[in-house]
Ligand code: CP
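Okay, so here's just one chain, in structure tokens, the form predicted on its own.
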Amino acid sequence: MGLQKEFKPQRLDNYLEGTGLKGKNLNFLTDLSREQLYSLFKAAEALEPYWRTGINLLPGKILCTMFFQPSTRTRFSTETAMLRLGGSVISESDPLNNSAAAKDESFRDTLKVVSQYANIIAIRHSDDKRVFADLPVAEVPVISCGYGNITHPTQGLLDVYTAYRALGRLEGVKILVTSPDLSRARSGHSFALGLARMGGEIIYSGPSELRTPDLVMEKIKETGAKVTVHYDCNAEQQKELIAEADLVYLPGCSVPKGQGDRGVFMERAANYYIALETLQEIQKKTGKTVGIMHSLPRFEGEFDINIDDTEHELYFKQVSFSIPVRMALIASMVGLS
């Protein structure tokens, strides 16, 4: 059989360098090759033992988080990841009211100014076109923590990593991304982009009037991955799609409470509801345990809460992996030297 190729001890810095992300931004997961994504996964696995205790890789480095939209998991896990790496955090969770943006400072100028304080910036913003137009002025790498309705690559990276750890493989995996509103399902689209890059198959199911953005579909197809779309399915057709999948991804609703578009989401949610009974029937019939993923926060009426206590639950496990994944990402983008 012979020796394995390049047999030698594994080094974290080799994995970080292998991502090719040092000094670069992260906008879409398809910006990375399959090899670069695997390097990130290997770095995350190496950092898993330190997600609670920390490891002093980035002393003196500063992360600035600016979230122009509400966030709990993404902001907290990104900031915690930097602290666990031995760095520091400066943060503004309401820049529209508490930063110079409240005085009409342009986003372009904000990026240029914050670049003088931080070694890396994490941004969440509702206007993806504005962000992409102004990103070139940033003098340090910028992590997208959600831009508009299009992209949320750190969530997508976390979700693809969770699938990788849960299934032990990604090539040939089938995922169903299903939502009452695919037009704003940025976390689901980012997961689909990452899985497509890794050789997975994407199945979309949603209403015909709220479709996946053309840009996302184009990027998925550019990877060569198989993608199918099903519109306006009835309950039986939806069950068949769930049975076909290895994982079901629910992107949830990013529209704040009290805004009209959220009401539209909730009105349609019943058509895409996932019952524990459905998963148990599939398991009994095929022997396959279909995993349920959700970007959180969840809302009553999206899926059976009793799934929480079963082997189908992956959404809280996703949260558990969020810190080592983001530790790997930040360390890759900042670099160890």
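The numbering used is simple: start at 1 and walk along the sequence shown. Everything numeric in this text was worked out from a predicted model, so none of it was measured.
Another form, the form predicted together with this ligand, is not on view; read the next lines as being about it.
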Worksheet item: Does residue 301 reach this ligand in the model of the complex, with heavy atoms at most 4.5 Å apart?
Response: no
Worksheet item: Does this ligand come within 4.5 Å of any heavy atom of residue 72 in the model of the complex?
Response: yes
Discussion item. Residue-level contact is defined here as any heavy atom of the residue lying within 4.5 Å of this ligand in the model of the complex; does residue 269 satisfy this criterion?
Written reply: no
Discussion item. So in the model of the complex, is this ligand close enough to residue 197 to count as touching (4.5 Å, heavy atoms)?
Written reply: no
Worksheet, complete the sentence: If we test each of 184, 84, 219, 124 for a heavy atom within 4.5 Å of this ligand in the model of the complex, the one that passes is 124
Worksheet item: Taking this ligand in the model of the complex as the reference, which of 275, 62, 296, 55 has a non-hydrogen atom within 4.5 Å?
Response: 296
Discussion item. Only one of these stretches, 64-72, 33-41, 47-55, 277-285, has heavy atoms within 4.5 Å of this ligand in the model of the complex; which one is it?
Written reply: 64-72
Item to complete: Scan 135-160 and write down, in order along the chain, each residue with a heavy atom lying within 4.5 Å of this ligand in the model of the complex.
Response: 152, 155
